[in-house]
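Take a look at this one chain, the form predicted alone, written out in structure tokens.
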């Protein structure tokens, strides 16, 4: 067990990816992933400091030892596995394509909004799609509302959150699950390659918060369905 008097763990989070990670009306960091990370830190009996990052900056920071944990739902990719470790999954993810009915993935002339540094961006580039890249998940709606993009490729939970706004719903977009292995699967926290001992502790803490009901309470607070 990690001791509480050890130096605080440095935890990276996003701050504009609701409902997973965002700032509440008081400016405090919260969201499903943030609160799971807090619960894990509590179970490990260690102090954690939370620093905001972006999807694109997260991997370099982790691989260089600038942070200990990336409290972001990350799908494992060969590039990510080469540069950091992974905790056990804490939910399953898939990717959704949102566009007007009849606008299929890969259609010529369609610009797709994606988040910089995401697996969705990597997939789009591999497919040769024209893309409009934004820095955060919270910025994905604007390109469609302004006409800069005609589709969005995003994690399922992000896509569902976009549909909560009336302006976005009025676009009348259809939703398609993209059946590609690199866009779906188990999502996990990243761990610094310089702190391999954390992997066992984090995994044990995740098991405990699932057994004691903490995970379910956080799930119910932020998400409209069960994700584990």
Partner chain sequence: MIAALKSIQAGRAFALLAALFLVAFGVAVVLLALDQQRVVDATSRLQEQTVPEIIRFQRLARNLEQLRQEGERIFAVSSHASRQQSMFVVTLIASHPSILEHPGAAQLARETEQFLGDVVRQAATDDRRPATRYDEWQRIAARLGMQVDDVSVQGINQANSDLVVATTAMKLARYKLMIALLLVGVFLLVFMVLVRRHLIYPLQRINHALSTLSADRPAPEFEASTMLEIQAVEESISEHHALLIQNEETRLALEKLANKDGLTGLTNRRHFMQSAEVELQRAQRYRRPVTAAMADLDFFKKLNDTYGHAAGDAVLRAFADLVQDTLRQSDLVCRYGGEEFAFLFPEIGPAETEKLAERLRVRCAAMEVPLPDGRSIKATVSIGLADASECPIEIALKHADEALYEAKRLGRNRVMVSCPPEPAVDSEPDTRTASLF
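Model, not experiment: these values are computed from the prediction. Residue numbers count along the first chain shown, from 1.
This protein has a second form, the form predicted together with its partner chain, left out of what is shown; the following refers to that one.
> Only one of 111, 83, 92, 107 has a non-hydrogen atom within 4.5 angstroms of its partner chain in the model of the complex; which is it?
Replying inline: Selected residue: 92.
>> Using a 4.5 Å heavy atom cut-off, which residue among 42, 54, 63, 175 comes into contact with its partner chain in the model of the complex?
In response: That would be 175.
> Is residue 159 one of the residues lying within 4.5 Å of its partner chain in the model of the complex, judged by heavy atom distances?
Replying inline: So residue 159 counts as contacting its partner chain.
> Given that the partner is absent here, does residue 22 sit within 4.5 Å of its partner chain in the model of the complex, heavy atoms only?
Replying inline: Heavy-atom contact with its partner chain at 4.5 Å: absent for residue 22.
> At the 4.5 Å heavy atom threshold, is residue 96 in contact with its partner chain in the model of the complex?
Replying inline: Heavy-atom contact with its partner chain at 4.5 Å: present for residue 96.
>> Can you tell me whether residue 7 touches its partner chain? I mean in the model of the complex, with a 4.5 angstroms heavy atom cut-off.
In response: Judged by the heavy-atom cut-off of 4.5 Å, residue 7 is well away from its partner chain in the model of the complex.
>> Each of 163, 211 and 216 within 4.5 Å of its partner chain in the model of the complex, by any heavy atom, yes or no?
In response: Yes, each of 163, 211 and 216 comes within 4.5 Å of its partner chain in the model of the complex.
>> Only one of these stretches, 151 to 159, 114 to 122, 135 to 143, 75 to 83, has heavy atoms within 4.5 Å of its partner chain in the model of the complex; which one is it?
In response: Checking each option against the 4.5 Å cut-off leaves 151 to 159.
>> Pick out the residues of 208 to 227 whose heavy atoms come within 4.5 Å of its partner chain in the model of the complex.
In response: Heavy-atom contacts within 4.5 Å come from 210, 211, 215, 216, 220, 224, 225, 226, 227.
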